[in-house]
Structure formats: C-alpha cells, structure tokens
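Just one chain is shown here, as structure tokens, and it is the form predicted on its own.
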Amino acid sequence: MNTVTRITRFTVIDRITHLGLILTFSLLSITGAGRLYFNTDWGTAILSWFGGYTSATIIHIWAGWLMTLGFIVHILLVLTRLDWRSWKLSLFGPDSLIPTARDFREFGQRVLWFFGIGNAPKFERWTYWEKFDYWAVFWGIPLLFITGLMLIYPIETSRFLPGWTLNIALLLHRAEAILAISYIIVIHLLVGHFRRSTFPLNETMFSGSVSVEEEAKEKADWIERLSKTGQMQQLKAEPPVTWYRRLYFVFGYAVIASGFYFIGAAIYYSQFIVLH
C-alpha cells in the first residue's frame, strides 16, 4: 500500500535560485520605475528610498549583474542534471521543460475543456504554461542584459555600432522590462496563485513539495508514472513546519500585494511621465 502523501517537486537549489530571481527582478523593477517616473511624485518617492537617482542607477546596474549571474548559474546546474548517455530522453522526456508536440495537444484540449466541449488534459510533470513561463526568461534576461550593457557603456558601444543603436537599445530595454513586469504580475501571479487548485497561495516553490492527492487532480499522468516506476517513494517528503509556512505566506502575499500596487501606480502615473 502506498503511504506517500507528499513528494518533492523542487530541490533546495531550485527554490534558492527562484528566490534570487524574485528579489533581483523586484529590485530591478522598482529602481527602473523610479528612474522612468523620476519627474512624478511616485518616482521621486521611489528614488528617495535608494538615496537618489544616481544611487538608484548604481543599484539597478548591480541587480542586473546579479540576475544575469543567477541565470548563468541556473544554466550550468541544468547542464549538470542532464543524462548525457540518454540525452534524447533527458531533453525531450517527461521530466524535461523543453516544449513537445504533447504540449500543443494539451493546449488544444484545455481550450476545448474551457468551453465545456472536451475533457481536461491529464498533465505530466510540467504543463504548457509552466514551460512558457520558464522559457520566457531565456529571451528576456539576455535581451535586457545586452541592451543594458549598451546603455551602461554608450561610448564603448559607439565605437563598434552606429549611435542610433543606443536609441533602439533604450526602446527595447524599456519595452521588454514593461512586458516582463506586466506578464509576471498580471499573468504569472494570477495563474500561479489564484487558480482554484492553488488558491490561496501556490506553496510549491516555497515548500518544495506537493500533496500527492492534490497534484493527481491536475497532473494525473505524472503521479501515475511515479507510482508505476517506483519513484514515488524516492521523492517522499515531509510537510513544511508551521513557522516556515507562515513565513512564506506572509512573504508571498507581500510580493503579490506589492506587485498589484506597483502596476496600478505605474498605470496611473504614466499620464504624467516625461520620456527621457
């Protein structure tokens, strides 16, 4: 009889890198908004938290370097986890985050289910929206890093590229930043935490584990595979202790509330913004 009630979904390293991404992304968003809205009361208040425009710029740059470093570390960690002897299965198997034909089929099934003309798909370890969230980082961070580097070193950039490319870099940097912030707050937080299956908070990335019973409702194929292969016992986990659970609930809701306030304020004060 299977007595496993919780299983590990994310390792400690996964959770630490995700936390690092939350913190650096938040810091970049806040300091970037302060610089963009510098001529508004809101932007002035934000800049004052960091000691002024110049200090906010320095912090913004260092946060960008830290995010990029974390991105590189993550890639190296992923490469160490690949089974190079069975690289095809490792890259395109059920535990991989690389999109496959199955994801497109499940997306279609989900649409039909949404309109009540089909059954809900039985997902494996990763859903198509989780894969989308994951790979969005792979075009977002490099674009922000390259354009940011051009703007940090405009003279050096002009030695190799025409001066007008700096204007393009600034446009792309702002556009990608606004897109990323909007997507994270409006889509990622809502889908991640306010679906019926995850409300009031998706604890997985904080606790690192999930309830087998709850996970089987959405990711039935994953749970079934773990049961058949005997991996369920290997992934057995204990529930998070009470004090830690309270801590990440406070942190999680502080981030969510701050995010919705942030995007609301950004929309409101955009009428007063002067681009520079």
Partner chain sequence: MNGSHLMHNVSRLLLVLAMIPACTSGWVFASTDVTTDARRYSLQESSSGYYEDDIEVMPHKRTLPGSPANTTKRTGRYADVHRLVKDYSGKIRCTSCHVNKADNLHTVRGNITCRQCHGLDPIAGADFYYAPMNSIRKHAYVCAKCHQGATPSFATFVVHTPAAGDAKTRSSFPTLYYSHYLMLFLIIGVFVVFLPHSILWWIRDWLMNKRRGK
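Remember, predicted model here, so these are calculated numbers, not experimental data. Positions refer to the first chain, counted from 1.
Keep in mind that the form predicted in complex with the partner chain is missing from the display, and what follows is about it.
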Are all three of Pro154, Leu161 and Ser197 close to the partner chain in the model of the complex, meaning a heavy atom of each within 4.5 Å?
yes
Trp84 near the partner chain in the model of the complex, any heavy atom under 4.5 Å?
no
Though only this chain appears here, would Arg174 touch the partner chain in the model of the complex if you measure heavy atom gaps against 4.5 Å?
yes
Spell out, yes or no, whether the shortest heavy atom distance between Leu36 and the partner chain in the model of the complex is within 4.5 Å.
yes
Using a 4.5 angstroms cut-off on non-hydrogen atoms, would Phe145 count as touching the partner chain in the model of the complex?
no
Identify which of Phe114, Phe104, Trp135, Phe92 has a heavy atom within 4.5 Å of the partner chain in the model of the complex; exactly one of them does.
Phe114
Candidate from Met205, Leu149, Val191, Val73 lying within 4.5 Å of the partner chain in the model of the complex - any heavy atom
Val191
Sort through 238-246, 28-36, 223-231, 64-72 and report the only stretch with a non-hydrogen atom within 4.5 Å of the partner chain in the model of the complex.
28-36
